[in-house]
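Shown below, as structure tokens, is a lone chain in the form predicted alone; questions about how it binds or moves come after it.
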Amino acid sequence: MKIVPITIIASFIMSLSSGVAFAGTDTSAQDIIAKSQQASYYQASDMKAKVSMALIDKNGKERSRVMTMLRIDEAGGENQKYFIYFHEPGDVRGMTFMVWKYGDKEDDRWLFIPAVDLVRRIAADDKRSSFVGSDFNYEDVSGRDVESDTYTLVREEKLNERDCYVIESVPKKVIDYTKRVSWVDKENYLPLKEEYYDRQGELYRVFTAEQVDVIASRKDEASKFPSVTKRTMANLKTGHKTEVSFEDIAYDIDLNDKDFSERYLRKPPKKWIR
């Protein structure tokens, strides 16, 4: 009787983990990423937060951004809208960014630049571009479509004493990275770390969740949402990194869909951006 080498068996088992259940679980890699997207971008029905961003170069020189972020979800669907208003520094004060996110087509994105009184439509090809000079891109702000990648549940392990799924995501279309490896918290499904590998297969960008807090709904204090309140994105090639803090987070505050209309790009709703 011919004996099959154990390495071949192991390789076969690993090949089955892409998009199907990992041994000993009933959760597929794509299911885990979908839940992670929900936990990261769809908490409650709406959200408001003050966001502080520090852009730090390889020499330690720091630039700052302070903004208000608003988000509203369409009931019972994947569609949602984001609105960001920049308070500081002075050269970006009054700048606004808006996303209309769709579950079945490319998102709509706009950027208003007050210095030149220009509303710029951000094309789908630009969503991987840097968000206002930071190490985050436009897609990082509002999330990536789950259907854009294929997934493999590589292993399960602890990260900072948290039990995690480790998922490898490979883009179906050529973009700036060839794969992303994510450590997803098994309890709350928040991404605690993400590694991005460039076209040469080298690690070049790393996301880390520095702090997670549990925020109660304004409507129902029994409803609580684990949220990443401090996060960092580091570019290992340039030595540049961006640190982001979320403060005064409020969920379920009755935002109105009208607050996310194109006309508010130039004249933001004062009630929400003070």
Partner chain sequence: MIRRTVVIVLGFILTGGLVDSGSAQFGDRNIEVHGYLLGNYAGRTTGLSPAGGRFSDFMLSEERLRLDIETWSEAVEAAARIRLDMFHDALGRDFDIDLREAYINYTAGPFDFTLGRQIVTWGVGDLIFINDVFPKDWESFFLGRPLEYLKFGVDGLRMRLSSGLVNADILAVPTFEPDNLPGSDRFFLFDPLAAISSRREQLPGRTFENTELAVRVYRYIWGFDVSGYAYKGFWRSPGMMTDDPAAPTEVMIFYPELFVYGFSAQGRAPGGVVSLEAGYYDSRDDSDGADPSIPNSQVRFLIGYQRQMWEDFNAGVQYHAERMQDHETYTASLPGGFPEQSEYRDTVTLRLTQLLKHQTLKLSFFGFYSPADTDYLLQPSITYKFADSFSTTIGGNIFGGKEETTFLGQFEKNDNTYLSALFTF
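Please read these numbers as outputs of a predicted model, since none were measured by experiment. C-alpha atoms forming the largest set that superposes within 1.5 Å between two forms make up the rigid core. Positions refer to the first chain, counted from 1.
Same protein, other form: the form predicted together with the partner chain, not shown, and the subject of what follows.
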query: 155, 93, 172, 158 - the one with a heavy atom within 4.5 Å of the partner chain in the model of the complex; finding: 93
query: Partner-contacting position among 181, 132, 141, 146 - heavy atom within 4.5 Å of the partner chain in the model of the complex; finding: 132
query: Contact stretch among 119-127, 163-171, 194-202, 181-189 - heavy atom within 4.5 Å of the partner chain in the model of the complex; finding: 119-127
query: Check all three, 35, 223 and 259, heavy atom within 4.5 Å of the partner chain in the model of the complex; finding: no
query: Residue 63, heavy atom within 4.5 angstroms of the partner chain in the model of the complex; finding: yes
query: Heavy atom of residue 177 within 4.5 Å of the partner chain in the model of the complex; finding: no
query: Contact label in the model of the complex: residue 103 to the partner chain, heavy atom within 4.5 Å; finding: no
query: Interface membership of residue 77, the partner chain in the model of the complex, 4.5 Å heavy atom rule; finding: no
query: Residues of 247-274 having any heavy atom within 4.5 Å of the partner chain in the model of the complex, listed in sequence order; finding: 262, 263, 266, 267, 270, 271, 274
query: Displaced residue check between the shown form and the other one: residue 74, CA, 2 Å or over, core reference; finding: no
query: C-alpha of residue 194 moved at least 2 Å between the shown form and the other one on rigid core; finding: no
query: Threshold 2 Å Cα movement between the shown form and the other one at residue 118, rigid core reference; finding: yes
